[in-house]
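One chain comes next, on its own, written as structure tokens: the form predicted alone.
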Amino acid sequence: MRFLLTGGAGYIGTQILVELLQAGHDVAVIDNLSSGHLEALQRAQALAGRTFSFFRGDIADRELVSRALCGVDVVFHLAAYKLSGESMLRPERYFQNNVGGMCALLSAMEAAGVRRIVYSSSAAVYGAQREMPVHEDAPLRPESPYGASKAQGEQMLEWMVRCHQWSAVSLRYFNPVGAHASGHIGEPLESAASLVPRALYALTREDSRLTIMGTDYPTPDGTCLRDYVHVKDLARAHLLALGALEEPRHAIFNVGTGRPYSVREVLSACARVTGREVRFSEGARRPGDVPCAAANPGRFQRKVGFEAQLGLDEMVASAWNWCQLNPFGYQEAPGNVDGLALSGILPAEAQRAGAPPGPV
């Protein structure tokens, strides 16, 4: 099969890319590199031992997307801004990119006759819930513009199914953690906003200290509870999701473990794995955060057989291995695309002028 992977140069996208290539599929990647990395794509190709097509640009670029969709059977749509806290400060940015960009993508797909999609949604669509772990049929109460943008994306897919007989899967991620087992692709610590890489950053920088954002939540130790899932399990979930695209419908699945951990429990796991205590201070709650977010993963397991295989210590260990091997993340030179089967790259004149890519 041939797949289009939007946001394929990002943290999760590169993990999925490796899985698809190793399974023998043809892949086209779209990414404007606003947060993704060319070096990550190069490393993914080296790990898989297969080439792919890369289109550098924005999913709102109709002509670029139309070319990337040539021969495609299924789209994996990951390209989006993803920080709940940032979305509270710049909601218009999230609506323009996450909702507007997806609208442009769906329009190009319909024009090309590509009507199967696996969508990167989020547990942020749930907001605060009375019952945890949360089931997919729970009412949606997003508490940030980011969560609202993901819920809107799901609603758009629902209408594409009803009006044009699409087949769609929305995967509501909980909290991806970890890195590839090789240690070659992972999440750069400097740009990460999630807890584990922030904690490891504090361990690797003598002048850095982690801030626990809120210690007065209604939880056993006062800190937020989150369901963490290894990024390898999450990547594998995308391939399994293809089994739910067999008929025109919109299927929605949680991707998590069902077992939440508090911030303090995660810091203890970091200490166990690394043998070092994380330095931290206590701060105020972060806008948009909810006390607890944990998945009921039963529906996805029953439908396609998905079950997370890797636990919290394994997540932390793989992330620690990645940051030990890559203390400064990816170090590619701008415009270095050697070794990739590329198309859609910015014109050489624009690259020399340092033209900034648009938002993914």
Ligand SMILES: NC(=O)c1ccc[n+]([C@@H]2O[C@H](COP(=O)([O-])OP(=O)(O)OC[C@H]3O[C@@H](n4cnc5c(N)ncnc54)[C@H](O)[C@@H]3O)[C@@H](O)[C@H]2O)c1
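This is a predicted model, so every value here is computed, not measured. The first residue of the sequence shown is number 1, and the count goes up from there.
Omitted here: the form predicted together with the named molecule. The next part is about that form.
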Please pick, from 126, 166, 173, 261, the one residue with any non-hydrogen atom lying within 4.5 angstroms of the named molecule in the model of the complex. 173
Under a 4.5 angstroms heavy atom criterion, identify the one residue in 301, 326, 53, 35 near the named molecule in the model of the complex. 35
Of the candidate stretches 240-248, 78-86, 155-163, 281-289, the one with residues having heavy atoms within 4.5 Å of the named molecule in the model of the complex is 78-86
Quick one: is residue 57 in contact with the named molecule in the model of the complex, heavy atoms, 4.5 Å cut-off? yes
Is there a non-hydrogen atom of residue 17 within 4.5 angstroms of a non-hydrogen atom of the named molecule in the model of the complex? no
Counting only non-hydrogen atoms and a 4.5 angstroms cut-off, does residue 146 reach the named molecule in the model of the complex? yes
So in the model of the complex, does residue 12 come within 4.5 Å of the named molecule, heavy atom to heavy atom? yes
Within 113-127, which residues have a heavy atom closer than or equal to 4.5 Å from the named molecule in the model of the complex? 120, 121, 122
